[in-house]
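To begin, one chain is listed below as structure tokens, in the form predicted on its own.
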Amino acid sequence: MYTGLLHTHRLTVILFLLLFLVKLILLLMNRSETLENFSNKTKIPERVIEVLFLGTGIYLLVMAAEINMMMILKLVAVFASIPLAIIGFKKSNKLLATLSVVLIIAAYGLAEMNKVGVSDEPLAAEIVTDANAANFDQMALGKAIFDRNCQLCHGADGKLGASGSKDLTVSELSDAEVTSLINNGKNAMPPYKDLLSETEISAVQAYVKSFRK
């Protein structure tokens, strides 16, 4: 369900933005008659998109692993853009209409920047990351990275399920599939191929596999 609503939300955000961009361009070009016709023809689809946009957004917010400042700023931008758009396009106020579109774009940008789990904060000094070191402990490394990057959504026991994350205790993915998922991400889970080394990814793969019953 989470995956479907996440994709629905992303689609409605894009459609919502495109609608307002078209209307803004027409307004800035002083094509008032064309703008009125376009608004009349898209009135019902626009309302449907707005409902889906806000409804799915609220659901994703409730399911979010955390509410941080980036998310708060995104919400402020979204809820400020809607009344500004209504007033701006109704009154043919180019400044307010432009501001509403800028806020929507800003909210989209903040959402893309706010990737939960993306952290390169240094690990504890005692954690050995060199696989060739005599005291290298793969499970200790995997746990340290999991605690830093994955625990927020998966939970300490792998069962939390925040932000649509899967229960790691019942996963049936192969080692290769888990590694691919860590590398490339999926849905709300960000990719880690540019953040973690192969040794670190292998350590995380081994650690999450240990959750299985």
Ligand code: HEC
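Numbering starts at 1 and follows the sequence shown. Every value quoted in this text rests on a predicted model; they were computed, and no experiment measured them.
The same protein also has a form predicted in complex with this ligand, omitted here; what follows describes it.
- This chain is displayed alone, yet in the predicted complex one of N187, N184, T42, T34 has a heavy atom within 4.5 Å of this ligand; that residue is N187.
- Shown alone here, S171 lies within 4.5 Å of this ligand in the predicted complex, counting heavy atoms only.
- Contact annotation: T3 falls within 4.5 Å of this ligand in the predicted complex, judged by heavy atom distances.
- The closest heavy atom approach of F20 to this ligand in the predicted complex falls outside 4.5 Å.
- G57 falls outside the set of residues with a heavy atom inside 4.5 Å of this ligand in the predicted complex.
- Contact with this ligand in the predicted complex, defined as a heavy atom within 4.5 Å, is made by all three of C150, C153 and V204.
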